[in-house]
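One chain follows as structure tokens, the form predicted alone.
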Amino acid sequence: MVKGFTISTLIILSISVGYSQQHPGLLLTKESVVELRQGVEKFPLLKTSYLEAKAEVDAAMSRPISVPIPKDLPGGFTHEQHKNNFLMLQKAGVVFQISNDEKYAKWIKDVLLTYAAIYPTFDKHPATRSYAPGKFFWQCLNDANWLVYVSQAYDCIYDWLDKKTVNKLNKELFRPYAEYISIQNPQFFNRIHNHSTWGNAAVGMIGLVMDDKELIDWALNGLKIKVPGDIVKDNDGGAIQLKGQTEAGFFAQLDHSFSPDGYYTEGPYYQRYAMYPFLIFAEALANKKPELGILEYRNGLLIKAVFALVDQTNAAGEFFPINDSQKGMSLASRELVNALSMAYHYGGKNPQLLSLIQEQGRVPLTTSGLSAAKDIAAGLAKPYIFNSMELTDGANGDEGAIGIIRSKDLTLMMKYTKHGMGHGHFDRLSFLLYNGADEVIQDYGAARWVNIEHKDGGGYLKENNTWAKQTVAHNTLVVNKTSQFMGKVDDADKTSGTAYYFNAKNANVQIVSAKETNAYAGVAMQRTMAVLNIDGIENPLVLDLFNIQADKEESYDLPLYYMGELMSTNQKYTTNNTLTPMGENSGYQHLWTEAQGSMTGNLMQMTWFNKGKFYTMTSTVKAGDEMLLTRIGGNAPNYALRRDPGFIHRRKAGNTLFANLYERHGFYSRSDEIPVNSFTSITDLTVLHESADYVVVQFELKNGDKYRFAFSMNNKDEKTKHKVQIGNELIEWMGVSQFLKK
């Protein structure tokens, strides 16, 4: 095995140790430290944050230094101990600078020297699950986390240390460490991926501390070497396409990972994770190398990315759980504590961000945190306004998007992005729906128990690939019980969904429409969703039109994963006393069929109950349609999957249209045992016209009012006049859509 010293021995001789530089200089500067010392006495949120950090560090210092021999996966003792060490070291550095108490610097020095003494004795981590094993951790990614945080601590005590200790730490710990996660693991470092973002930031930040120009160049511009092999499989279960890759490094990450709107191609969960190294390294570069103008790069992209993250949350501040995400991750995460204050300070001091920072209850102990705490104390905070918007995907903003529509308490998100690389799911044209903070129609997210050792060491479960990523696990069309792109990541990464139309100018009629023509051979799909506010209806209605144009007859499944308990349906079904999986692959092996039935009539209605509220789906029915009531959990012997309910609308057809209406209505008081408005307002839904070019539907309410929605599927010129003949009636309208009361 390659030891940490092997490559570095000759190079170290030429390194210039930066004694002439001022430290701290990454996140803190000599000037900002003076301001922070004054600020912790003046501004309550800053003082609270400082005292909490100090208390944590004091508690860590009261225990013996622990730098164990690595052996565990996430959740295990050695993993968590090294993780706690880097978090405490970073905080101790800041506490030292603010308090000027040398006991904190001495503790940092002692811990770092302990690491320096044992680092040369470490080979690779004994766990073999990663494509790039680390030293302290099972993967280089976590080693990079360690260095991002510890470089900040080192920066804070650099000028306090004697030169002999600095030389020892530089040569025996930090330079070999930086080499290990870069030139010794180029398959980790030289990618466009959140892993490499951490690696670039780690190597760059320690390079800035040591004034090591070579490390800084590697971090910014990538390694000028070829990565062996065309394709490497990573530990997230995804394929890393390296063949032909010509760009790497921090600038390449900024160029290719984000759209101009700040949307991150891996989705909000990993954007949240990656924002810490993106922003921390950017702030360090802004302080140490202002000539790069990193915070202005791509029209202030990194600050836009923070706002994009905020806008991808529900009413509880939780990120939309798309792609490989764990539900419940929110703006309260430590990465966003830093991000929001940075976006406030460097992004024009938008007072709406201050209200979110107040909710976080803490600020980073940096200039950004000081700025936010000061203005909160001055009473400048304003509520954050969440608007409907379309966030584009792709470096140029032309590779799909997500559409977000907000109306009263309702939030609808439709996904038609790029695949998202190894963390993506086969879920083009899927959607999720919230009522306030409550999931109404869910995205499953990832099959993973992060850092919970009981469940396969806290890593991704095999069911993440066999279930969570498969198309049937999402609220979108499945053709012939096979996942989109035949479940091949490489093929999915080559294309994106196509944004067709997004219009949220009229608060009463907000529309998102997108196309997907590559997921299934010979099948073109277009989904159009409209959120409609109607007088006399207590909540907005969601109209869902899924249009399919196919070369031949296919078998279609349209799943819906509703949250809550089934109340009733107007269709008859047969329940199963013996559960059997619905299939053998493409995710169907993980679905139980609890009941099934052949649908009759022209209308299907299903009502469910969740969090004290009633919801009803109204769907049009065609001859031969089937309904299946499903339950997740088949073929998951270790109970790795949630037992959530689902509904599948099955149809055999060529060209066809699935038309659905979703309504939230009424409530139930458990204390009073009184249901109010527990039945839907919708009495009828009819497809008046369906073709490749136009869709026209009509629905009727209990009070007899009728409403019609017409939509142009291929011409989005708002000045074009459209005509559709329906029986004896000629329907005409101007622009893409028309919604009116009949």
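Start at 1 and count along the sequence shown; that's the residue number. What you see is a predicted model; the values in this text were computed from it and never measured.
This protein has a second form, the form predicted together with another copy of the chain, left out of what is shown; the following refers to that one.
For the marked spot (566, 578 and 672), a heavy atom within 4.5 Å of another copy of the chain in the predicted complex is present in each of the three residues. Contact with another copy of the chain in the predicted complex, defined as any heavy atom within 4.5 Å, is confined among 628-636, 518-526, 278-286, 217-225 to 628-636.
In the predicted complex, another copy of the chain stays beyond 4.5 Å of every heavy atom belonging to residue 129. Within 4.5 Å of any heavy atom of another copy of the chain in the predicted complex lies no heavy atom of residue 698. In the predicted complex, another copy of the chain sits within 4.5 Å of a heavy atom belonging to residue 329.
For the chain shown alone, residue 614 is a contact residue for another copy of the chain in the predicted complex, at least one non-hydrogen atom being within 4.5 angstroms. Only one of 117, 316, 486, 450 lies close to another copy of the chain in the predicted complex, with a heavy atom inside 4.5 Å, and it is 450. This chain lacks the partner; the member of 160, 573, 386, 501 within 4.5 angstroms of another copy of the chain in the predicted complex by a non-hydrogen atom is 573.
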